[in-house]
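Single chain ahead, written as structure tokens, the form predicted alone.
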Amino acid sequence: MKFFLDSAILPEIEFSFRTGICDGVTMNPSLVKKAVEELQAKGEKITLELYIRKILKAAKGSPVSIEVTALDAKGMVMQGKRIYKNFKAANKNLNIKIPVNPCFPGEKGKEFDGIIAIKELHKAKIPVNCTLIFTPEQALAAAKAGADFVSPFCGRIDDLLRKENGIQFGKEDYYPAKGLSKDGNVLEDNGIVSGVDLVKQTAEIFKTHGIKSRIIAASVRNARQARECAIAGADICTMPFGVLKEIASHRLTQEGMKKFTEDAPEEYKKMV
């Protein structure tokens, strides 16, 4: 499974690629806007476009997903083509993020605009990462339309199941892949018992039908969830910088380092 960094903070991106384990970047407009505004507040003369180009360069040709902001098929296709044209020279592995369904709560009539936009961009040979996926059937529809990547949101499914059942939690808290039980029943959202289960069911459908779209496990909250997404069949896991760092950590590793250092003979230290 590949590791993507879900961030728009340039030093985090640069460091992650230096580790040798980062394979790509996902970001959204709000993350980019926040990063740029923080730099501008410090007096740095930086524009949104220049900052995005810096991120694309830091990614060294690895996949980077940039999201559209339009809310209809025509607008998403127009923005997607413009983004791709403007930035593909900076990184030939650029992907356009398209929401699977751009409707707001209670809104109707545009349920398939995301799917239509994916189809049109696919025809134009522009790679697409379909985002905001919460069911395997949404992932399947996006793949059928031509999405190169589909991004099921693990953490948000876990949040939904806890919120709807009055369970208090912290954002980074672990949620069991097999689900939580309440009053003798496993909590579920239309047959999905956890974010990892969402990834697993999607991967099983894709394997059964020979679908080549790659699955990006998104909204990952901790290292254990990343591990379980790998077991569940995700091709990629995109995670915040804190989770990427957590992957390399364990208390026994730190204790072992302390003991090995203390036990190392001075003669050996001088020799090496």
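On a predicted model such as this, the values are computed, not experimentally measured, just so you know. From 1 onward, residues are counted along the sequence shown.
Just so it is clear, the following notes concern the form predicted together with ligand G3P, a form of the same protein that is not shown.
Even though ligand G3P is not shown here, does it sit in the predicted bound form so that I13, F17 and K92 each have a heavy atom within 4.5 Å? Answer is no for this spot.
Can you check 32-40, 212-220, 53-61, 241-249 and let me know which stretch has heavy atoms within 4.5 Å of ligand G3P in the predicted bound form? Going by heavy atoms within 4.5 Å, the stretch is 212-220.
Heavy atom of H122 within 4.5 Å of ligand G3P in the predicted bound form: H122 lies outside the contact set for ligand G3P.
Should K171 be counted as a contact of ligand G3P in the predicted bound form, where contact means heavy atoms within 4.5 Å? Within the cut-off, so yes.
Does at least one non-hydrogen atom of K97 fall within 4.5 angstroms of ligand G3P in the predicted bound form? Close contact exists here: in the predicted bound form, K97 approaches ligand G3P to within 4.5 Å, heavy atoms only.
Does Y175 reach ligand G3P in the predicted bound form if we count a contact as any heavy atom within 4.5 Å? Flag for Y175 set to no.
Residue among R162, R156, K110, K81 with a heavy atom within 4.5 Å of ligand G3P in the predicted bound form: Looking at R162, R156, K110, K81 one by one, just R156 meets the 4.5 Å heavy-atom criterion.
Considering only 5-24, what residues come within 4.5 Å of ligand G3P in the predicted bound form, judged by heavy atoms? Just D6.
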